[in-house]
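Form predicted alone, single chain, as structure tokens, below.
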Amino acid sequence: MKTDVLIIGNSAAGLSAAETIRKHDKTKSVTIVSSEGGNAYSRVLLPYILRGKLKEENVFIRDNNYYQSNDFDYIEGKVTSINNKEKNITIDNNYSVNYESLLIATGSSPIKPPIPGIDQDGVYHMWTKSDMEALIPHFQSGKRVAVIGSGFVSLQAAWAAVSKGLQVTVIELANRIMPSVIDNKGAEILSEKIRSFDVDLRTETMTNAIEKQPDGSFLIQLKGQEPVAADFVIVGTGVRPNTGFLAGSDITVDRGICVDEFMQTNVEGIYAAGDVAAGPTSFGDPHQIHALWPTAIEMGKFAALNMLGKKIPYEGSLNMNVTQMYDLTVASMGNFADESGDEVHLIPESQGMGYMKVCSREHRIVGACLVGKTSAMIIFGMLRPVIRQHKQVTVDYMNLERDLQKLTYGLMH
């Protein structure tokens, strides 16, 4: 089989690329290869389904006629190798597909920390639709769940369990929660809120082993503490890019697949986008992974434009996380870390947004962090173009919303 454009991956980056190509070129043959069965779905929606806020069928983002109506060929199978010299891939060690240009959008997979007992029935991740389907039968009021890890995905899983009436224990090795999503003060506020929902939140706690008991339940053995009893376990300790099939190819991998501003790898004609790609950022980093849904869509779009020969550079990804959990809106964007040395501006809580911090450097706003009210997201929306354009600005942080309205109107008109 031969195709003009081959896309490995059927999620945000892959679909964005395929649709961009079809928008600009009705004649090129486009083939999508996916190792997951069924229609494309949104990973972002999985916690909402676990909480019962959405029905399972709402997870799908494309319908049954999607591939046919867009004239895409769809192959379900796992890519096992790439021969970039011959310009073909092998699927399931069985058959090959030749291509003119290739996009790798294979996403990422959960990391399994080296904990004895982690590979057994009753221990889950929450990353794919299959993970969600495996977890749903366990989400029954009164059951006990131990969540190992306290990142974005882990705490969403814990919040879904709390919402369904489960007894929840969160076990975190570090001395605070969500280190890459919010700052120290935000973590402190959110931790207090989590505990107010009767979650047993334990930081600075090492998991030594996950032991299954004769009745099918678990004892989570902890270093220096009494074990935690649970009916099932969710492990959420980060993700890593899916690059294993690239062994033997000439494609450069450094954590993720390194791409330039055109989303092209070091091999001409091969591009990468989404969680698997280490690309340029808004702050000038050459190769950084932002495993975020909006970033994947942007990268897929720019990869496709450049696969069509349009030579349009990507302005760089800007990290932005937003979620609602434990009756709080939790959000961050850009550089907001306490250790950065940037100038910090705290928005008075009297303005009704909760805890909100905006960071600046040489009169340029570089980041923000929020643990508070949804109303503050208006400001976040206006901050995004301001941060991305790196313009020097003069704003009154006590009247930030007013000044940003004037500023963003000027940037967008």
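Keep in mind the model is a prediction, meaning the values are calculated, not measured. We number the residues from 1 along the sequence you see.
What comes next is about the form predicted in complex with a small molecule, which is not displayed.
The shortest heavy atom separation between Val153 and the small molecule in the predicted bound form is within 4.5 Å. Although the partner is absent here, Met126 sits close enough that one of its heavy atoms falls within 4.5 Å of the small molecule in the predicted bound form. Although the partner is absent here, Ala296 is a contact residue: one of its heavy atoms lies within 4.5 angstroms of the small molecule in the predicted bound form. At least one heavy atom of Ala273 is located within 4.5 Å of the small molecule in the predicted bound form. With the partner left out here, the small molecule still marks one of 334 to 342, 287 to 295, 140 to 148, 163 to 171 in the predicted bound form; by a 4.5 Å heavy atom cut-off that stretch is 287 to 295. The contact with the small molecule in the predicted bound form, taken as any heavy atom within 4.5 Å, belongs to Val322 out of Val322, Leu219, Val267, Ile118.
Listed residues Met353, Val33, Val30, Val366 were compared with the small molecule in the predicted bound form; Val33 is the one with a heavy atom within 4.5 Å.
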